[in-house]
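Presented below, as structure tokens, is a lone chain in the form predicted alone.
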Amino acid sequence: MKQKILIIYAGGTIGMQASENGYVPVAGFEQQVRQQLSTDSARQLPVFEMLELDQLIDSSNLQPRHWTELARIIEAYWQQYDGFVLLHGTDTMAYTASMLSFMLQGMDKPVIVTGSQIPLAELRNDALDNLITSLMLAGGYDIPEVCICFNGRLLRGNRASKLKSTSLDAFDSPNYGHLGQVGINIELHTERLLESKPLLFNIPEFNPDAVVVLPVYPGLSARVARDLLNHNSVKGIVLHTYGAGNPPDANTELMVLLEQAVQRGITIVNVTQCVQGQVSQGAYATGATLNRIGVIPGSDLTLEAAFAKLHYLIATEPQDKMSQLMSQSLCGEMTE
């Protein structure tokens, strides 16, 4: 295995250490990694170098500007390495993996995002296995997309969600098959991987206020939506609805507010709160209301992918293309 891999350490549980206030990010993680991988058997791994962010990110503090920073690092080193492993906190890992998939379209080498539920510094941890597996996948397999590797599962990054807070199998992709499983053997489902396309890196700056999420719940008032929408910087809304994409259409004030927002040029995308399945906007009369007012059905986009895609398109495309592109799979993120 002669490939050369760049490990980008952005932060997260994998490199944290215990403190009196709980786990905290700590600099100098490379020495710890190389200590753990100093055995003879580690010679089977690809050659790797590590780059550590100057300011490590606790992933619950992730901001859209961090997506730009991470993508620009990958772009800057793209020609020097055969693959990339991004060490990232689990809480917002699916958001980052989704956004990287949009910014790094047409890639011809792996970008594997991983982390852990237990820090590498702890005697019993999942960090070492996730790291070793990610290195082997990035260095030994033709995987031309952004993936999450976690607990022996290789998942398309923009199809994955963190579904468990305390289990080691924290991530899954409920609406798309695993790209691979790692047990005694490494099994890669090549038929599920993206087809090669021309390299198209598009790494914008993001307005953190451009996209908001409006969850639907019993008793949702128009006042809540009005407060969210009462800002000129808001350009997109992820509407998080029940079941097959159903809103409380009996709340006519809320529906009028959403319709007025669409008329002002705000893009509204409808995704379901259900873990599995997709939006079928119009299967019920309540959902048909959204068709009438111009809300875009989000198919089986995860919340994370819908949020990232909307941010990306607002930052890179004219408003008149939003409906078409939100309804189109750009890099395997949705079923058309």
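In this text, residue numbers run from 1 along the sequence as written. Worth saying up front: this structure is predicted, and the values here are computed from it rather than measured.
This protein has a second form, the form predicted together with aspartic acid, left out of what is shown; the following refers to that one.
Query raised in the report: Quick one: does residue 59 come within 4.5 Å of aspartic acid in the predicted complex, counting heavy atoms only?
Result: Judged by the heavy-atom cut-off of 4.5 Å, residue 59 is in contact with aspartic acid in the predicted complex.
Query raised in the report: Hey, in the predicted complex, is residue 16 touching aspartic acid, heavy atoms inside 4.5 Å?
Result: Within the cut-off, so yes.
Report task. Could you confirm whether residue 161 comes within 4.5 Å of aspartic acid in the predicted complex, counting heavy atoms only? Result -> Judged by the heavy-atom cut-off of 4.5 Å, residue 161 is well away from aspartic acid in the predicted complex.
Report task. Determine whether any heavy atom of residue 89 comes within 4.5 Å of a heavy atom of aspartic acid in the predicted complex, and answer yes or no. Result -> Although aspartic acid is absent here, residue 89 would touch it in the predicted complex, with heavy atoms inside 4.5 Å.
Query raised in the report: Just one stretch in 241-249, 178-186, 70-78, 110-118 has heavy atoms within 4.5 Å of aspartic acid in the predicted complex, so which one is it?
Result: That would be 110-118.
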